[in-house]
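Shown here is one chain on its own, the form predicted alone, set out as structure tokens.
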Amino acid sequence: MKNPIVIALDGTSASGKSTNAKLVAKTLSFVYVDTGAMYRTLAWHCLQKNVDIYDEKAVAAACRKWKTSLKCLEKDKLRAVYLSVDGYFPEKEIRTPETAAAVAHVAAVPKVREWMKRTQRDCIQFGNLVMEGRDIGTNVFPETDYKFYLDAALSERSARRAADGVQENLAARDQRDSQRAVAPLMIALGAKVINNSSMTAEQTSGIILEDLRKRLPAPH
């Protein structure tokens, strides 16, 4: 495919990035990419290999040496890209509390973010993308014309996490993400900002799709 379209969906933790990215990807028949899952996969790998997640050099070395490949599979009418490690995708393992606690430390390593950027840009081999994360519009695909930034009140985001059975200090996570030395969380130039504190996922994705349909080339 010549010049695949990339829709960048960035935002804070529990702002609805994953849910809305999937809804938009399904509606447009685009490929969904969860970049956070890629960082979680590396965090899981480091834990499996007993790599000290607080040692930047050790984490960078693990990222440089691990054997990975990008895969694209369809499930429930959604085509999605994932990172396979030695032929295995740790789908459940990357969602454990242990992995969640480690991922922010791993994701802050500059060499890791360089590797991830290259890998995430390689996802265009699978066609048009809806890519969600924290630095897609600012760092991974800054050239895309389709940028969105989701946010919600801290109290609402914390309630969403709690409803999923996850206890996480989102204020601390926001601070770490925004103060990170490399590719910090920030609103991309030209991004449409959506505060969905009082919105359903369908309402949020509806706003995104309405905007996209005005600007995407036919037949999207």
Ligand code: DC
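Fair warning: this is a prediction, and the values are worked out from it, not measured in the lab. Don't overthink the numbering: it's just position in the shown sequence, from 1.
Just so it is clear, the following notes concern the form predicted in complex with the ligand, a form of the same protein that is not shown.
Novice: Which one, 146-154, 82-90, 100-108, 122-130, holds residues whose non-hydrogen atoms are within 4.5 Å of the ligand in the predicted complex?
Specialist: Checking each option against the 4.5 Å cut-off leaves 100-108.
Novice: How about Tyr39: is it within 4.5 Å of the ligand in the predicted complex, going by heavy atoms?
Specialist: Yes - in the predicted complex, heavy atoms of Tyr39 and the ligand come within 4.5 Å of each other.
Novice: Since only the chain is shown here, I'm wondering whether His45 would be in contact with the ligand in the predicted complex (any heavy atom pair within 4.5 Å).
Specialist: No, His45 sits far enough from the ligand in the predicted complex that none of its heavy atoms falls within 4.5 Å.
Novice: Would Arg95 count as touching the ligand in the predicted complex under a 4.5 Å heavy atom rule?
Specialist: Close contact exists here: in the predicted complex, Arg95 approaches the ligand to within 4.5 Å, heavy atoms only.
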